[in-house]
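Read the single chain below, which is given as structure tokens and is the form predicted alone.
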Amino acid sequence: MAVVVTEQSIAEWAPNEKALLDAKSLLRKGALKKLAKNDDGTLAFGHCDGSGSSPYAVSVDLATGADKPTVRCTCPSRLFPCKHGLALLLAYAQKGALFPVEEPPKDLVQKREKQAAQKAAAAEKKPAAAAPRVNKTAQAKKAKEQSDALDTLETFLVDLVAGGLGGLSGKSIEAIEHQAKRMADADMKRTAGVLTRLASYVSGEWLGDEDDDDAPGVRDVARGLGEAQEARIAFTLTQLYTTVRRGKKALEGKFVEEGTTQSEADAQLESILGKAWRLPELREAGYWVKNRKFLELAHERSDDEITEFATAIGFLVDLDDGSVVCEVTSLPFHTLPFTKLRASRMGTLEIAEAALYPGDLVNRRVRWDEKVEGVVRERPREAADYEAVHRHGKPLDPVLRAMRNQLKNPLHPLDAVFLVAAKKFGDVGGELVLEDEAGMRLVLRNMNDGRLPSTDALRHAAAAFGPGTLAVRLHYDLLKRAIYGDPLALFVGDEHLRLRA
């Protein structure tokens, strides 16, 4: 069976974010030439302009019998797949149907036949049980690379902090970006992403600042670090220090014995060490649920200018146990003209089986394979579904305690979505306030991230329909050191009033 190539799978196969960005650049520049495919479409090949004197020969073999394609390129890069191979994969995912059918080069056919013969010989020579020994060796090598990367990051952080925020310079930004590349090369992509964000905070790019036109390509520290900027930088440095400390423990397998839950320990493999969970692995590890009913509370899209990815998140309430989980899909910016992010779920989802990702987060990620027949069914909502939503609305006290508990881990998000039973809404000192049955109050504010104001929408909805059960995102303000609520949707009877466009 041929490997199915999608934009999402290409992003997962990329060795690091830089290689993927470089591949996109090659595609935009038209560096790929003479693209073609064989008669059954399982072999794509062509040439790609590069730094060499002549174009590189690049190919993609989809009939590998594995879950990844075989990518070949004549360039000297040590990355696999290289940026030229990734560019061909992207081109095939977007316009592979238009590739002309040609006879593949003889050497490529020979390599394919040789690979198939080697695989068949290996299957006869070794039983399947012998494979884990090779995997353990590869895992040990990867662990050593990641341990060395964490040691380098720790030394770098000590040097960076020693100079204080006043000592940050253009060279500091270059050094941070170098560390990001170092972590990406060690397959610690999330840590690389945190470092990339740190560079943007230092340079002020997150505020929309432009590079100096007189010095293209040269970046410097933003003029006059503001309080919000300093708070973001300080928190990001805390995240990185925690990454070093917990990453080393994860590599040594000391998490569980030091009191961390097995679920949180497994989550660190993803958030720190870059493990990409596959559905069979999650099932085998016990992170699996069956026969669940979900109703979507809110659906949001965010565009990350730093990573150039668009993300759609649906916050779903489990109608049986009341937990709020999230369904996540992401796509690179350049694919959006050809592919759409998942739309909002307007009905009630009946899920036969799904993965529930590990971790001590309030909103754990849920994922299922929609390609499998019978796994998911979306039906019209019923009165009993709305009754369950209201039944799971909680008072503020346990909600705030759960939020504070999540904030104890610097690697966790600074926000989480809850269902809160609201007795009334009102304005206090010019701010919208939620009050529960016990008289406890929560100030509602819009998150400062460019989204449309939802507090105004809530004022109108509550005035027209009255109070009810509020889907609200609690978020921690680093500068104010306080928790505020960002309203997402209001449920009143059988009405679901979404407060975001």
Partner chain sequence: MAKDTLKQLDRDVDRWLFAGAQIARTDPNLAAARDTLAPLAARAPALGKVTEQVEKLQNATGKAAASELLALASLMAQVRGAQATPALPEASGDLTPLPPARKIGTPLTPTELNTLVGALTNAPDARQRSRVIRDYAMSDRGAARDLRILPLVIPALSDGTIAEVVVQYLVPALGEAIVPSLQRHLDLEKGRALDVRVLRAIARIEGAKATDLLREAIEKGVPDIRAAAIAELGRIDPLAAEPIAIVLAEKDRSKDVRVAAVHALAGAPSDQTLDVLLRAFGGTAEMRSAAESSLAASKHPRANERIIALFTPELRDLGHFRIKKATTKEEKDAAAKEQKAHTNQVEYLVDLVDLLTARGTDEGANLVLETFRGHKVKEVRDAAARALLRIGFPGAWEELMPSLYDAPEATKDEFVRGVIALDPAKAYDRLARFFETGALAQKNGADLATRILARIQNHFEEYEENEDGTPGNGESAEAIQVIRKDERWVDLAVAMLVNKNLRMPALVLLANANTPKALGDALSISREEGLSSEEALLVFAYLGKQRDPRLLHAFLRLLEPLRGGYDYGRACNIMTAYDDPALAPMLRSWLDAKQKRKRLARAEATPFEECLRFLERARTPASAED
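Rigid core (definition): largest C-alpha set, two forms, superposition within 1.5 Å. All values reported here derive from a predicted model rather than from experimental measurement. Numbering follows the first chain given and starts at 1.
Form predicted together with its partner chain: not shown, discussed below.
Taking a 4.5 Å heavy atom cutoff to its partner chain in the model of the complex, the contact residue among D151, D304, E281, D159 is D159. The contact with its partner chain in the model of the complex, taken as any heavy atom within 4.5 Å, belongs to L400 out of A312, A93, A116, L400. With respect to its partner chain in the model of the complex, the three residues E145, H178 and L470 uniformly fall beyond 4.5 angstroms at the level of their nearest heavy atom.
Residue heavy atoms within 4.5 Å of its partner chain in the model of the complex occur in exactly one stretch of 187-195, 353-361, 239-247, 318-326, and that stretch is 239-247.
Using a 4.5 angstroms limit between non-hydrogen atoms, C73 touches its partner chain in the model of the complex. For D427, a non-hydrogen atom is located within 4.5 Å of its partner chain in the model of the complex, even though that partner is not displayed. Residue contact with its partner chain in the model of the complex: S77 places a heavy atom within 4.5 Å of it.
Its partner chain is not drawn, but in the model of the complex it has no heavy atom within 4.5 Å of K136. For the stretch 181-197, the set of residues having any non-hydrogen atom within 4.5 angstroms of its partner chain in the model of the complex is empty. The Cα shift for R345 between this form and the one not shown, taken after rigid core superposition, is smaller than 2 angstroms. The Cα shift for E174 between this form and the one not shown, taken after rigid core superposition, is smaller than 2 angstroms. Shown in the overlay between this form and the one not shown, fitted on the rigid core, is a CA shift at T152 smaller than 2 Å.
Compared with the form shown here, the Cα atoms of R377 and S9 sit 3 Å or more closer together in the model of the complex.
In comparison with the shown form, the Cα-Cα distance of K142 and I10 increases by at least 3 angstroms in the model of the complex.
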